[in-house]
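One chain comes next, on its own, written out as structure tokens in the form predicted on its own.
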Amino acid sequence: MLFLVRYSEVFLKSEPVRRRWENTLIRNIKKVLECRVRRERGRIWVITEDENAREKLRKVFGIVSFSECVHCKLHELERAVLDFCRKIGIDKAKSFAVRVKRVGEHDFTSQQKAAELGALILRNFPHLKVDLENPEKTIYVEIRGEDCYIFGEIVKGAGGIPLGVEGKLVSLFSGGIDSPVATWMMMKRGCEVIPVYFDCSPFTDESTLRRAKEVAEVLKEYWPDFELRVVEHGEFLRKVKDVLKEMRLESYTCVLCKRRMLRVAEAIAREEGAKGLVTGESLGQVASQTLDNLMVLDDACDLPTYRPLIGLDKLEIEEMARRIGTFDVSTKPATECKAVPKKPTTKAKLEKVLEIEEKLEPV
């Protein structure tokens, strides 16, 4: 099988950056697919025998679209187009269109060649009608010098830029709806993400960890090196609850919990050479995600915290989760954290948080 692979943002970069990003994209394709690859400016060609190639290419970041195609030389184009029409069953269609793009020096325009090929098809399949607006079948032809590529479908890819070109991040990964989407979004923008799950047992049980592992497996389809790390967090929560109960400040539990998670994630980031953290917070969605609380959380570490969902509502996030394939797994039954207070604070005070943390050290 021969696939024409298209990218977008890579093409806009300077020559050295474009070449580096192309190399990264090709390396990522070969990581998920046994194949041979060649390239021209603006195009990558993938040759493979893998029957699952379409699904694998759909999940490679940096690929905006791709098409399985047939190759021929320019002098063979008319015969090849008719063979392709028979292959796709154009005799059963009522209407068609021909779209031609070309690169190089030719004695014809794209429009002229499209009209010429359209007339050829009509002579051989006279029952057809040309419909440029809503055809039942579309024959695409890309002419590059003396080489021609014929295809009938443009498959949308994951888009974005090649994973790895922007370095590493560490994600606070719960396995719920939000954090996997936030992680996916930063992967789409070229970041290799290290997901970290905080095991809050006994305040959660194995169902929560199992769900996080299953969601991580979904994202592994986009990046084979995506490996979930599990950090023990329950002992800290136990101590937090004891201290806050004594101080009658149980409402601060979630803020203290999240600050500790950020600090641990920051330590992992520094060990891995990562450039920041990722969380699934959306402004105002839950009590811990108010502006006041987010300001207090940002004080917990020095590395930047990226929140790609900050301006999205729940319905928008759920729609993205469905599209990328994590929603069904993220919504499987799992134990909610029993450490969450009945009335979490929405206006945490940094001075009060620092006072509480003095009583918690060392943890």
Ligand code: ATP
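As the structure is a prediction and not an experimental result, all values here were calculated from the model. Just count from 1 along the sequence shown to find any residue number.
Keep in mind the form predicted in complex with the ligand is missing from the figure; the text below concerns it.
Novice: For the spot marked by Lys94, Phe125 and Thr138, is every residue within 4.5 Å of the ligand in the predicted complex through some heavy atom?
Specialist: Judged in the predicted complex, none of Lys94, Phe125 and Thr138 sits within 4.5 Å of the ligand.
Novice: Which residue among Val100, Val196, Ile90, Cys191 has a heavy atom within 4.5 angstroms of the ligand in the predicted complex?
Specialist: Here the answer is residue option Val196.
Novice: Could you check which residue among Cys200, Met187, Val255, Cys148 gets a heavy atom within 4.5 Å of the ligand in the predicted complex?
Specialist: It is Cys200.
Novice: So in the predicted complex, is the ligand close enough to Leu244 to count as touching (4.5 Å, heavy atoms)?
Specialist: No, Leu244 sits far enough from the ligand in the predicted complex that none of its heavy atoms falls within 4.5 Å.
Novice: Residue-level question: is Ser251 within 4.5 Å of the ligand in the predicted complex, judged on heavy atoms?
Specialist: It does not: once the ligand is placed as it appears in the predicted complex, Ser251 has no heavy atom within 4.5 Å of it.
Novice: Mark Val81 yes when one of its heavy atoms lies within 4.5 Å of a heavy atom of the ligand in the predicted complex, and no otherwise.
Specialist: Judged by the heavy-atom cut-off of 4.5 Å, Val81 is well away from the ligand in the predicted complex.
Novice: Do Gly280 and the ligand come within 4.5 Å of each other in the predicted complex, heavy atoms counted?
Specialist: Yes.
Novice: Only one of these stretches, 213-221, 139-147, 153-161, 175-183, has heavy atoms within 4.5 Å of the ligand in the predicted complex; which one is it?
Specialist: Of the options given, it is 175-183.
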